[in-house]
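What follows is one chain in structure tokens, specifically the form predicted on its own.
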């Protein structure tokens, strides 16, 4: 489990991360979202023990990352956005070297390396890593993050440079890792990718955690002040009358006015139904389209300012 308690980081009096408090339980895939400057990278660096918080603390498996960094590093696997390897060594040689830093003996390193290289689709590749494409290096970075069989895996932009097959492999691997009870933190700008693998997401804005939950929960609990747009689909048996409502943004009548696509500032289905029923219009269907990931994300940002 990961516990963040009033985690704060300041640079020259400016708070990059501001009083961040949350828990991420075992078996969770937690997506950390936010634009540039939101505090994602700073949070990741504090989680991995690469920088210390100004105040507050983060605990991994009950260990304070800042006070016990060596023991914490034995429990985590980290894949930075720009993965670094020794260019003149092969993938197996790189993993064997890093495995020794974890205290693994050479036979164990080689066995684990072969298993992981097969898992990420690099088995049989013998050339030095200096000749790898960016996508191949990304695959090797995932293998390195899993090398010590960590309880917590922290991934920064893990699908950057991956082709579609690589992305599919990544999703499969991360899902299986979480099923084994391990905690995964994924930081990314790619909303669609985070939504596909994460069980929970946290949205950062100016260093603060402004929302946390599943995408479904976040869409359902949008702040009242958010200028969200609701799309309502109507299909009728009779020609529709003109509709008027203060929250109506636009309406596009379809199929000789026996249907419409309505965009409104709120869910006005009840008002639409009442108007059509009062006019004697027989309704075949009346449904609301869900908000897109981008609409949900931006709605929270509108309120956060």
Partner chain sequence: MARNGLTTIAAKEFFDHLHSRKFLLIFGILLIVAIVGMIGGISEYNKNLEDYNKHQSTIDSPLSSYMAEKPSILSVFSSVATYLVFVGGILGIAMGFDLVSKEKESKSLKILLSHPVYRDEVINGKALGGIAALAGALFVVLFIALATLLIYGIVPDGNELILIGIFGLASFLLIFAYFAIALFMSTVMDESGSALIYTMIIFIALSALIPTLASTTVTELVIGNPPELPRELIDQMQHPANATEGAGITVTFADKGNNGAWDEFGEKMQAYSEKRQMVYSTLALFSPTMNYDAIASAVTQQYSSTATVIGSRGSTTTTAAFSVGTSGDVGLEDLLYPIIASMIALLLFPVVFFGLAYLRFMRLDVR
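Note that the coordinates shown come from a computational prediction; the quantities given were computed from them, not determined experimentally. Positions refer to the first chain, counted from 1.
The next section is about a form of this same protein that is not shown, the form predicted in complex with the partner chain.
- Proximity to the partner chain in the predicted complex, taken as heavy atoms within 4.5 Å, picks out 93-101 from the listed stretches 126-134, 171-179, 93-101, 158-166.
- The partner chain is not drawn, but in the predicted complex it has a heavy atom within 4.5 Å of residue 144.
- The partner chain in the predicted complex is not approached by residue 196, whose heavy atoms all lie more than 4.5 angstroms from it.
- Though the partner is left out of this view, residue 231 does not reach within 4.5 Å of the partner chain in the predicted complex, counting heavy atoms only.
- Mapping the unseen interface onto this chain, residue 83 counts among the residues with a heavy atom inside 4.5 Å of the partner chain in the predicted complex.
- For the residues 244, 50, 279, 261, the 4.5 Å heavy atom test against the partner chain in the predicted complex is passed only by 50.
- Comment: the partner chain is not present in this chain, but in the predicted complex one of 59, 271, 251, 45 has a heavy atom within 4.5 Å of it, namely 45.
- Residues of 1-40 placing a heavy atom within 4.5 Å of the partner chain in the predicted complex: 11 alone.
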